[in-house]
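As structure tokens, one chain now follows by itself in the form predicted on its own.
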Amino acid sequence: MRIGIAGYGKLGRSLELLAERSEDVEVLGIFTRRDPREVDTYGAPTLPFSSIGEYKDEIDVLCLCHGSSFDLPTLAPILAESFNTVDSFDNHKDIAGYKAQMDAVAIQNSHTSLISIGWDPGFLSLMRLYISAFVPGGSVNTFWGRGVSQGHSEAIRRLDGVKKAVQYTVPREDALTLASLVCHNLSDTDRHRRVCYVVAEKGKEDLISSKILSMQNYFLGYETEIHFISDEEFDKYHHSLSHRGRIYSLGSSGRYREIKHSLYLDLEIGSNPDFTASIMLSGARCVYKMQTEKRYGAYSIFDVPPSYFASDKSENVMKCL
């Protein structure tokens, strides 16, 4: 399978390294909007993003490693006209509309696109679906963090006057306790708070704070802390890329709902981009298989046969049963 990597931030870099170590994957090229001569890769050729259309007949799957706040909603539908794609679009509330937009483009051009393939949305989405179906009369509450949100951090970095930024998603302790005791679905804003560390141009702090707090689907409605710090402090304390995801589910059965069931899933991630890249590369394999079957359009993780994610032979996949 020949892949292309569009965008070369942390996710693109992790994806390249993982692909280079995979026997069934060849990285045809990395497409960047920066000067290709200034991009240091693990060995894959670096090409200008403006030339990407020239490779539409050579790339089996194009892996879109751009951010969800600005780039993917604009670029992905355009790229889906010429390529089969996989991405990790992570703005949960906009996924349905994004999928519909990608579906129309992919079908029209006989391409296959797999959207929102990461650890969440993606892996944990699948877990929530199974839990909702299998745990009788249950609640499902997902908690993220404490950890760095790539999407939220990227959204802040795109603001005028921001030099560096990172956002930590932090579960609320009272919500964690409530989810473990009561069969009740909590809202996202009840479950989390957001902590931002920003290196800003002098005099733009108030404007940046206002824009962050009013950012719909990212910070609006959440308890949000914003700390403006120096370059030195940022580089010293904010280089970790770890993250965490937890799902709590409580259910009941029996005539009087006297039989109780509980499920707890805890995912600890040493590197957010590394883990996301691993899931995206598996998703690229799915796209490749689905394209050969002429399954055109846009799909989510719910639409893919689970065995398609495995690179192993079928007899090895069956050992997972």
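Note that the structure is predicted; figures quoted are calculated from it, not measured. We number the residues from 1 along the sequence you see.
Keep in mind the form predicted in complex with another copy of the chain is missing from the figure; the text below concerns it.
*Asks:* Consider residue 260 of the chain shown here, and say whether it contacts another copy of the chain in the model of the complex, taking contact as heavy atoms within 4.5 Å.
*Replies:* The answer is yes: residue 260 has a heavy atom within 4.5 Å of another copy of the chain.
*Asks:* Indicate whether another copy of the chain has at least one heavy atom within 4.5 Å of a heavy atom of residue 134 in the model of the complex.
*Replies:* Because a heavy atom of residue 134 falls inside 4.5 Å of another copy of the chain in the model of the complex, the answer is yes.
*Asks:* Does any part of residue 42 reach within 4.5 Å of another copy of the chain in the model of the complex? Heavy atoms only, please.
*Replies:* Flag for residue 42 set to yes.
*Asks:* Please check if residue 271 has a heavy atom lying within 4.5 Å of any heavy atom of another copy of the chain in the model of the complex.
*Replies:* Residue 271: yes, in contact with another copy of the chain in the model of the complex.
*Asks:* Only one of 57, 38, 293, 266 gets a heavy atom within 4.5 Å of another copy of the chain in the model of the complex. Which one?
*Replies:* For this set of options, the contacting one is 266.
*Asks:* Mind telling me which stretch in 192-200, 146-154, 172-180, 124-132 gets its heavy atoms within 4.5 Å of another copy of the chain in the model of the complex?
*Replies:* Checking each option against the 4.5 Å cut-off leaves 124-132.
*Asks:* Heavy atom within 4.5 Å of another copy of the chain in the model of the complex: which residues of 278-294 qualify?
*Replies:* 278, 279, 282 sit within 4.5 Å of the partner.
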